[in-house]
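Take a look at this single chain in structure tokens; it is the form predicted alone.
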């Protein structure tokens, strides 16, 4: 009998899984279901579109012919409303029942809405889909003032969009630094100055208590917990994701801040796998469960899941993720899990060059590089090798770091 594989979600995790399934199972039936109205596009580049730097065309990765050529059935604008793991079936919003032998859930997440008054007002944007980018671009091109909320990797994209569109923006942060769990104030100040250079002013010890609107329900200002008022024509909010796991409600699929999967992307229920943002996966490098929403990680998870759907436990997810920012006059890169650990080492080399490594049990578990990205490969390799280097911090922070300068493990 021909195997039937169904993938819910056509982001990079679902798409890479479909491609791998076709390579590994040439005769299988493969169906990709997505509630979006367009096939896979580059989520990394939608910020460049919103900045006005790219037209729409280069953002698309796959058109519908890509699926046709691989004999993959693509169902756009289709919502899965029910899943029956025992019967190996799912039901769409049109009440169509689809059978599967193996299922991959790669539904990602939906941006979290601020729990404050008027957070759903017209002109308040989240930044996740291509349609979000279109709306933000329209607001940025017609407005003069903006408020940004969310001191993380997506929030800074909104800040950069404001700067590129010559918007006067206030970037409201609850703490005393941008991405304060991954950077010291000293390291973050490099990013703060870069924001100021493009017309975006960081506001610390702030946040949003509520939004104000006009008679038409359009946002006009954000008021922070201190009572300070910031006028705006639009606002961008990036405070995290709510994972799209509604279809798993009522099933035995284990969840713990995400869908729990092992190193093979297998969930707690037979024949159901998960990949991408919504997973809480077993990280074989850390030796514990972790999460990562980077593009590269999601792509690799989709590939690993597909291989195991065809040949169970044949492939293992072992990956050091990275995320880069190219909005400013210097590059920025984070890798691994820079917000965790029990120790750290950092050094600032100039006004635009900085490094920080997060350590746990003496091993590198993540890091941030600003300015000079040359050491990234060496650091990531040490992390993947799980090498104990925590007692050689001076060597790790050498400007021209060479792992050969580290003392051999047995001599430490």
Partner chain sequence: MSQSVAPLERSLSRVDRVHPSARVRHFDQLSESAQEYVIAWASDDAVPNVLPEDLRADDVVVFTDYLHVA
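Please read all numbers here as calculations on a predicted model, not as lab measurements. Positions refer to the first chain, counted from 1.
The protein also exists as the form predicted together with the partner chain; that form is not presented, and the subsequent description refers to it.
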Residue contact check: residue 55 to the partner chain in the model of the complex, 4.5 Å heavy atom:
yes
So in the model of the complex, does residue 94 come within 4.5 Å of the partner chain, heavy atom to heavy atom?
no
Residue-level question: is residue 329 within 4.5 Å of the partner chain in the model of the complex, judged on heavy atoms?
yes
Can residue 373 be called a contact residue for the partner chain in the model of the complex at 4.5 Å between heavy atoms?
yes
Exactly one residue in 333, 98, 153, 72 has a non-hydrogen atom within 4.5 Å of the partner chain in the model of the complex; which is it?
333
Which of these residues, 28, 44, 382, 345, gets a heavy atom within 4.5 Å of the partner chain in the model of the complex?
44
Can you check 131-139, 319-327, 183-191, 242-250 and let me know which stretch has heavy atoms within 4.5 Å of the partner chain in the model of the complex?
319-327
Any chance all of 38, 127 and 292 sit within 4.5 Å of the partner chain in the model of the complex, going by non-hydrogen atoms?
no
